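Given next, in structure tokens, is a single chain: the form predicted on its own.
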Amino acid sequence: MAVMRMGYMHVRVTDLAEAKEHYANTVGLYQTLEQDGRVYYKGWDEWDHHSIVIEEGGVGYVKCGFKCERPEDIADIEAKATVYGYPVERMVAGENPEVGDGIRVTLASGHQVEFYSHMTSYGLEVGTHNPDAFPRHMVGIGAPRLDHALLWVNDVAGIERFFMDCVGMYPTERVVTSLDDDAKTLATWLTLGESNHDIALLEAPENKIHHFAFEMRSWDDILKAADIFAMDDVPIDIGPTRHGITRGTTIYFFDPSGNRNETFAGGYRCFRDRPMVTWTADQLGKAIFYHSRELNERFLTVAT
């Protein structure tokens, strides 16, 4: 089975015009389609038709999608999810613009996750024939691509099992209540391959999305992003700083509707034989924000 990556994130926004300004001119994504109250975007280093969808009418998580290598991989996930008792729906080509046949799984948390193997190729902004290193006229922070998301869920251990047993992910890091054998898992970071995480889960009283992240190339890009956010009066949650978990560098910030975004760079590469890292709850401040070793109230209480 080969699930390759998170392919798209779909969220609601309260004001479409404000959100378009944010994602196009501050984050620097390229609009590929607008129809039926939805706008579709891609980063400059993404080749599929879209990775971000914003939809007017509220705020917060609608669904996310993971791209599989082959149609057979979708069938495999469908069979395994059915055995586990997860509701599974078929989706047909075109139901999501430019996306082929697939399935939609509803997790115990209520989050909908889609799996597909085809999306219309839109092309890299630098092309594939003798390309330059980056587009000459990038806008805003020039986010290259969607990287990962963190979901609030009411059963971390159970939903972790779905991503491990049905999707083929493995955990790279966990936060646990203690080092005892009966300790509870409070959060987990899961990867499909060599990235340090493709999705993370955090135990919470409500089932929402905490943030979705855009990959940046370096610490210099993170610092430049902070300058752009200051110029554009973007509300910053925290950063620039470093995570203890993943070792990545980061800024958390909000779109005009209050959906939390992240710029993320660095961290370590993973392999299936790499030992999993364990953090205890009493060290959560260091785990999340390595420099200050303190969590701000917004980070723990705001999700959409």
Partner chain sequence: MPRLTVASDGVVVELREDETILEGLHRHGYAYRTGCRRGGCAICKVDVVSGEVRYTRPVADTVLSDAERQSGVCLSCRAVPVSDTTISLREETLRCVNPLLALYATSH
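Just so we're clear, the structure is a prediction, and the values are computed from it rather than from any experiment. Residue numbers count along the first chain shown, from 1.
Not pictured, yet referred to below: the form predicted together with its partner chain.
- Note on the interface: of 240 to 248, 262 to 270, 35 to 43, 53 to 61, the segment with non-hydrogen atoms within 4.5 angstroms of its partner chain in the predicted bound form is 53 to 61.
- For a residue to qualify, one of its non-hydrogen atoms must sit within 4.5 Å of its partner chain in the predicted bound form; all three of Phe254, Gly258 and Ala303 qualify.
- Within this chain, Ile236 lines the site of its partner chain in the predicted bound form, having a heavy atom no more than 4.5 Å away.
- Although the partner is absent here, Thr14 lies within 4.5 Å of its partner chain in the predicted bound form, judged by heavy atoms.
- For the chain shown alone, Glu294 is not a contact residue for its partner chain in the predicted bound form, no non-hydrogen atom being within 4.5 angstroms.
- Contact annotation for Glu18: at least one heavy atom lies within 4.5 Å of its partner chain in the predicted bound form.
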